[in-house]
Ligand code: SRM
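Quick heads-up: it's one chain on its own, the form predicted on its own, in structure tokens.
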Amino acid sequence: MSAEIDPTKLSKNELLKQRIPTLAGNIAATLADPALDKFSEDDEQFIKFHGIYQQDDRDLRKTGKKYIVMIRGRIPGGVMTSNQWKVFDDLASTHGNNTLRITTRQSIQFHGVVKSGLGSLIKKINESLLSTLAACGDVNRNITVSPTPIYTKARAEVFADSLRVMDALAPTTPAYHSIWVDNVQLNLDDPVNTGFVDPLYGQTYLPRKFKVSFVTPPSNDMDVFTNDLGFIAVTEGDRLVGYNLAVGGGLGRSHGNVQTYPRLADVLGYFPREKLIEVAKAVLTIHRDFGDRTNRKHARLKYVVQERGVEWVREEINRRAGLTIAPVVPFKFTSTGDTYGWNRALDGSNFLTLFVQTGRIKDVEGHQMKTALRQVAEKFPHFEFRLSGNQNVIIANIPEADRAALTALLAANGVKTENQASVLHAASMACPSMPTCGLGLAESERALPGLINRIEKLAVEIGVAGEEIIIRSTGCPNGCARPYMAEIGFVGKAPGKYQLWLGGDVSGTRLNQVFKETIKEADLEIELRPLLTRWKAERTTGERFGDFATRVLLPEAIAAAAAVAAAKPATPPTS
């Protein structure tokens, strides 16, 4: 039974979806009008379902606002053929800013695209047999899957299952094909369209976005507990038999709003592989039916799970999926990182993991990564490109006979295959933030490499150089680069100012916590020197910084804050 909603309290986005359930808006008409340089305020919301965000270059605001769009591909599991890579590379050069931005959800974003190039770009993506539909919006987003083929041959079965779930949870609006393939504005007066109801999502889709991830222990490279729905593979030998089910994760929050918070998914139990689609639909429709449609900041599935309780959620899934979730099958995660450099897959082929600084594939002097990967796609059409959840690129299915030639091609463009980055850079991630994201409060992608360089110098000074610390940065509290799972997380508050979060762990099973509400970028060394110094002096043998922060630094900070609060005089009651 669905939750009752007062229609007078529905959010604006809910009313928009209710009014035009095809999600067509006036998108095609705007595309066809050269006098318009941007989409209307209403259509800004509709184009998200089509994989598009309307933005502007904030570096240029003083010279006049120039509207641009960001387009995000829907690339299931981050897997691309060499031909698809060439298409995306071409589009970045002809319509974007000549870079490819890898996302933490195994996708690629195009930045700096103007409206006149939008239609051609998305049409060519579709012609390559990929899409942008549902890469954004109040629907299931791109499904992520562990890309690394070194743990079990069952990875192929896990990937196949992810494609089945992607198809099962895909929206069916006719508007996408009409606008981007046929170049026709959907007739919103046609009763077929006015009465359209998606068979899974209903008339108004989900209250907010929905994220699904598949992982195969011992690797948690997708940070599975940060997803609304997580499938943790259970294998017997090289055979996939089922999944442990994780529900209710999500990281987005808002500064100053204690009703919003990051949350890790709860592991509800085990179910057999043959019930996968039923379970996926059960969890998604719980969000559809019980998510908050009056307050978008409170609309994620994690709040339903937190407020109604795990037992309620488990029983609701059992009822909707027609099964009884069994006890959890024991599992253990050991890492969230990628396996850099050359590796051997279980099928005997090679794969190569390339570090991509903050996920931005581009050409710079001495390091022509965009050119190199384009040449790889042209010379080796049998290779497979895989995008990792840590913003890196894996080149897979490499025969031993091609290894030397690939290494030479990359080296000619300044791209290393070994010792590609320092330990701190290799364990880092950042969201784009400035200058394109309208939500950015502080720099992230453009700032993090420099911040890490400074932390590395500090580590040398203190005597902890070469020690891995997972460091992540975002320009706002939405958490796109998963800063709340990092050992050190920088979360933007204002230009040059960040919240400092400490205490994540290497296995991706623990949230960090706020250590300090605001630090200045200029004071980075002042803030971190005493923390790293204490870590070196007081840690147990082999203790990572995140574990030390959780054991020592955070409890001390919490106790100090409580003492300060207790010492304050009581506030007199107001009359």
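The numbering used is simple: start at 1 and walk along the sequence shown. No experiment lies behind these values; they were computed from the predicted model shown.
We do not show the form predicted in complex with the named molecule, though everything after this point is about it.
- Looking at Leu439, you'd find a heavy atom of it within 4.5 angstroms of the named molecule in the predicted complex.
- In the predicted complex, the named molecule sits within 4.5 Å of a heavy atom of Arg300.
- The named molecule is not drawn, but in the predicted complex it has a heavy atom within 4.5 Å of Gly250.
- Shown alone here, Thr103 lies within 4.5 Å of the named molecule in the predicted complex, counting heavy atoms only.
- Contact annotation: the named molecule lies within 4.5 Å of heavy atoms from the stretch 205-213 in the predicted complex, the single such stretch among 183-191, 315-323, 205-213, 399-407.
- Contact with the named molecule in the predicted complex, defined as a heavy atom within 4.5 Å, holds for exactly one of Ala175, Leu373, Val283, Ala135, namely Ala135.
- The contact residue chosen from Gly291, Gly503, Gly77, Pro432 relative to the named molecule in the predicted complex is Pro432, the criterion being a non-hydrogen atom within 4.5 angstroms.
- Shown here without the named molecule, the chain has Tyr53, Gln55, Met70, Arg72 in 50-89 lying with a heavy atom within 4.5 Å of that partner in the predicted complex.
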